[in-house]
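Only one chain is shown below, in structure tokens, and it's the form predicted on its own.
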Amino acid sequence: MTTVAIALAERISLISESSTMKVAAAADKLRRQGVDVVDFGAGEPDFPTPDNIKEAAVQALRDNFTKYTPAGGTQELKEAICERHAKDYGTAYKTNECIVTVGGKHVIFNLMQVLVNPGDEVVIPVPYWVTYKDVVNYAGGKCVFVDTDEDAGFTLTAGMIAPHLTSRTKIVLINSPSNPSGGVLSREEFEKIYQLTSSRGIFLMTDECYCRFLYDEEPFSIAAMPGGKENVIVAGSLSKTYAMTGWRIGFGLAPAPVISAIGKLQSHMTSNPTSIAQKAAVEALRGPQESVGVMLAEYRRRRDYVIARLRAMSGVKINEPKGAFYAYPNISVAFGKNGIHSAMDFSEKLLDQAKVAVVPGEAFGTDKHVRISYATSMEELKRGLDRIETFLKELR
């Protein structure tokens, strides 16, 4: 018998394993060995999915709603998505401008596949969510990174973006609130970026994964701007807003030809999102919304505690997050000590010696920061921050 030589397709080398998933796997491995690990790596709510949403899924099972649905989602769910977005943000999308996907990550991947040709440029502010770079690369596009102002809370302006726009720019991608920094783009600056991109025929893609978790202002969508439906692409998710990470329901709002193209791709990639999860998503969108406010209030309490603790640690620099549920401290004070020369070194030694899992900044385009998720209990936050403080004090 001749052994088949394994020659992987070259395109798979264009993407890397998710750093957040690697951290989760490393922490899980230690836990399975009986090690007491405090995990600040996970980017998911620690709250349970609200009961009314779970009951809708149970009812779907009772009703035998377990067959295929249209590849791009049920009409009912698309209507619910458009209704919710209109109620929250004042948009006016129709169901042919909406598609349901297997999580928010899925819609971003699909959007890049149907819009980006080899050589097209996608402008991405730094720090960025880990997946952006890889899905652009996989589509054959070129990432054009724009540094933000860390001293001003990772501020981004239209003036920072403008010099990076060329004839090959296809998309400017904005994630506000930001994963990992928790930075929030002001409505005024977002509108300036919209005017910049729309005047040049460039798509403005808004990743609204954390849009309901703003601490200091009301949520808004740049898609509500006049002409927004023609120039803006919305990537949305129910995962964070309704504590539904495992249900895998995301959505896209875009011009009908873009949605049609994604539907064609999705019909061969995944077919439909899970039928039962779609019924649960309808209830999430149309049912009571009080759970969102409850989560936001708790995240605010945790944020205030985490920021106060980090600022009390000598040499650590941290901006106050204005949204989402992440802190992104600059830990370069540790560089040159105990063999630490990067955020990756810091994260590895912190897990090995203090048994605290964080995500190194290299995953997000910087090398002096780590991401701390405070989507966990106050007890765990205290235990983990105590360990980080001790770890920093013992560095020599």
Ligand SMILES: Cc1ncc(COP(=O)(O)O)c(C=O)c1O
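Not measured: the values here are computed from a predicted model. Residue indices: 1-based, along the sequence shown.
Below: the form predicted in complex with this ligand, not depicted.
- None of Trp129, Tyr242, Phe203, Tyr299 but one reaches within 4.5 angstroms of this ligand in the predicted complex through a heavy atom, and that residue is Trp129.
- For the options Arg309, Lys229, Arg248, Lys142, the residue carrying a heavy atom within 4.5 angstroms of this ligand in the predicted complex is Arg248.
- Judged against this ligand in the predicted complex with a 4.5 angstroms heavy atom cut-off, the residues Asn110, Gly252 and Met269 are out of contact without exception.
- The stretch among 280-288, 218-226, 254-262, 98-106 whose residues place heavy atoms within 4.5 Å of this ligand in the predicted complex is 98-106.
- Proximity of Tyr194 to this ligand in the predicted complex falls outside the 4.5 Å heavy atom cutoff.
- Taking the partner from elsewhere, Asp207 is found to have a heavy atom lying within 4.5 Å of this ligand in the predicted complex.
- This ligand in the predicted complex comes within 4.5 Å of no heavy atom belonging to Thr148.
- This ligand in the predicted complex comes within 4.5 Å of no heavy atom belonging to Ser181.
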